[in-house]
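In structure tokens, one chain follows: the form predicted on its own.
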Amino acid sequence: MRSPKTAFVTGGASGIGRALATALAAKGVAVTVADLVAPDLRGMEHVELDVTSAEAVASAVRAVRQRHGRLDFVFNNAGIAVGGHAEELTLDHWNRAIDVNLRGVVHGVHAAYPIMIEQGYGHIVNTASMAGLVPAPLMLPYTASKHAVVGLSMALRAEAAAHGVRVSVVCPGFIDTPLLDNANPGLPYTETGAQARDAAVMAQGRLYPVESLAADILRGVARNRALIVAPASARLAWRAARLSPSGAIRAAALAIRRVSPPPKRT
């Protein structure tokens, strides 16, 4: 009897990762959930993991392959929100966003890709953001890291096809997750960062349910989509930005004035 497919999901204790893990398990996939804290998800394997540690990520990914004899899906989903006016941000804000949002993905790819090449199959799914496709001010470290994840994923997809390995990148709009309530974790808490949820609601009208996004992602993965953008409002914004980059920048500038005027100088 063939063993069930396996999935490794980082950032799986809450938000998008948790919804993905739950949806995958419901499809009979053997899921390993990785996060800084062990989640209360039954029927899944758990590992406490800091994705900024390349060695820890590699060890956790290898363990999945060793336990199950295969590695079908790796969801590099762990991420943090970092926001504030550019002049408010310190290098700590920049470094933390890059360490988690970009290096965390790099570590997952570096660990999983050689295994999948050896197998001749597998699917790497990296979570970026609409902030990786359109001008997204007031969160420059986040925006920069997510643009990098999109570029990494598209280029890797072109290489990986020759090995039978698939790569997709997820670019969600504003999703109803704890990420919006925990901007700048462990960092100086800028005024704009504290307004993340209110700004998201103002920009999108309503927050997209995380369960709906998980279904969109798995549908896109099943169809081997290169870029998975959801909800529909996010796809519309993406298309508009592609048609008129300068118009998208003007729209973003107008949104800044509505959401958060620049901090006053003392």
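These numbers come from a predicted model, not from an experiment. Numbers follow the displayed sequence, beginning with 1.
Below, we turn to the form predicted together with a small molecule, even though it does not appear here.
Identify which of 175, 136, 160, 89 has a heavy atom within 4.5 Å of the small molecule in the model of the complex; exactly one of them does. The residue in contact is 175.
Is there a non-hydrogen atom of residue 97 within 4.5 angstroms of a non-hydrogen atom of the small molecule in the model of the complex? Outside the cut-off, so no.
Considering only heavy atoms, tell me if residue 128 and the small molecule come within 4.5 Å of each other in the model of the complex. Taking the distances in the model of the complex, the answer for residue 128 is yes, it comes within 4.5 Å of the small molecule.
Could you confirm whether residue 77 comes within 4.5 Å of the small molecule in the model of the complex, counting heavy atoms only? Within the cut-off, so yes.
Going by a heavy atom distance of 4.5 Å, is residue 36 a contact of the small molecule in the model of the complex? Taking the distances in the model of the complex, the answer for residue 36 is yes, it comes within 4.5 Å of the small molecule.
Picking from 112-120, 67-75, 161-169, 140-148, which part of the chain touches the small molecule in the model of the complex when contact means heavy atoms within 4.5 Å? Among the listed stretches, the partner-contacting one is 140-148.
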